[in-house]
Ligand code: NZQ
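Next up is one chain by itself, shown in structure tokens, the form predicted alone.
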């Protein structure tokens, strides 16, 4: 294993119908709460109403900020910061999926950020990192309604700069939430497409760590843990589709999503997210659902490495997860699995055109290439490689 530092201070409350405790939890951290959620909360308006009544019962004043969209925008986060300052907010609650939780963390940090505009905290270039991460934040409580990003238990937030159409992230120990409330009952009733995209996002977080593992290290422990988590999602997602009210199955999906990016299961191995870097560009350019962009990228990456010699991790993944000696056959099985849930696997399905591919590759280069002008992965990839992978995903 490689050397590593592991730190995660987030308290997790995993409980079916755990919303009954939400008001008491929030009260620990403040008495004037901003509730951050989507611009359309009709799907769980009754749950939010009950939550707000519980907050009031515990003496917590409520301000709603229901402005978040998929692939959340920097401009919206700025609005949230201004509202917090105006209303003297002292605790921020994210109630939603990854877009909401990322926005809530950005807003909470932005209120106390003293390095200029909140844009300055985001890494928009890996080749010349000038970002100044936040060193303070209002306390946050995360209530997850979608098993996907793991934002409820990590120190990262992803956002799109609506001026440049670039999507990137802030990374700071100071934006860890105080509490992650995981109530799998909240995910019952989600549209099947969103459920599937969330499960694929979870798989991608683990798969990227697995495929980019350093072959010079002994990763026996990480491999088996990651394989178990991937298999858990692979086996459970079809169960949720057949039985959407199965709270136990949804609980497996929820905990897998949280653990996938909490830093524990991949500690001591390489942590690159090259597929995410390519997926982020697709989200920013075509407003494509994040999990769907990863669904398009993962089989394409497998097909790209099938033709190379440095593909030992891909062979291992193909054998242990898809029971294949052939990487290409495993990619076919993976794509078939994804499409069985109605999720796109080709970037053309998002609106991309063949002539867009050089532009997409340049966008990846602009944000995600390092000082060596290559994409951080194992092995590292060139601009031409990125174009080829997009072509395979077309």
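No experiment lies behind these values; they were computed from the predicted model shown. Positions refer to the first chain, counted from 1.
There is another form of this protein, the form predicted together with the ligand, and it is not shown here; the text below is about that form.
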item: Residue stretch of 321 to 329, 36 to 44, 354 to 362, 339 to 347 approaching the ligand in the predicted bound form, non-hydrogen atom distance within 4.5 Å; value: 36 to 44
item: Single option in 219, 186, 91, 256 placed near the ligand in the predicted bound form, where near means a heavy atom within 4.5 Å; value: 186
item: Among the candidates 211, 237, 275, 146, the residue which, in the predicted bound form, approaches the ligand to within 4.5 Å (heavy atoms); value: 146
item: Non-hydrogen atom contact residue 285 with the ligand in the predicted bound form at 4.5 angstroms; value: no
item: Non-hydrogen atom contact residue 228 with the ligand in the predicted bound form at 4.5 angstroms; value: no
item: Proximity of residue 120 to the ligand in the predicted bound form, heavy atoms at 4.5 Å; value: no
item: Contact flag, residue 140 vs the ligand in the predicted bound form, heavy atom cut 4.5 Å; value: no
item: In the predicted bound form, residues of 144 to 160 near the ligand [heavy atom within 4.5 Å]; value: 145, 146, 148, 149, 151, 154, 156, 157, 158
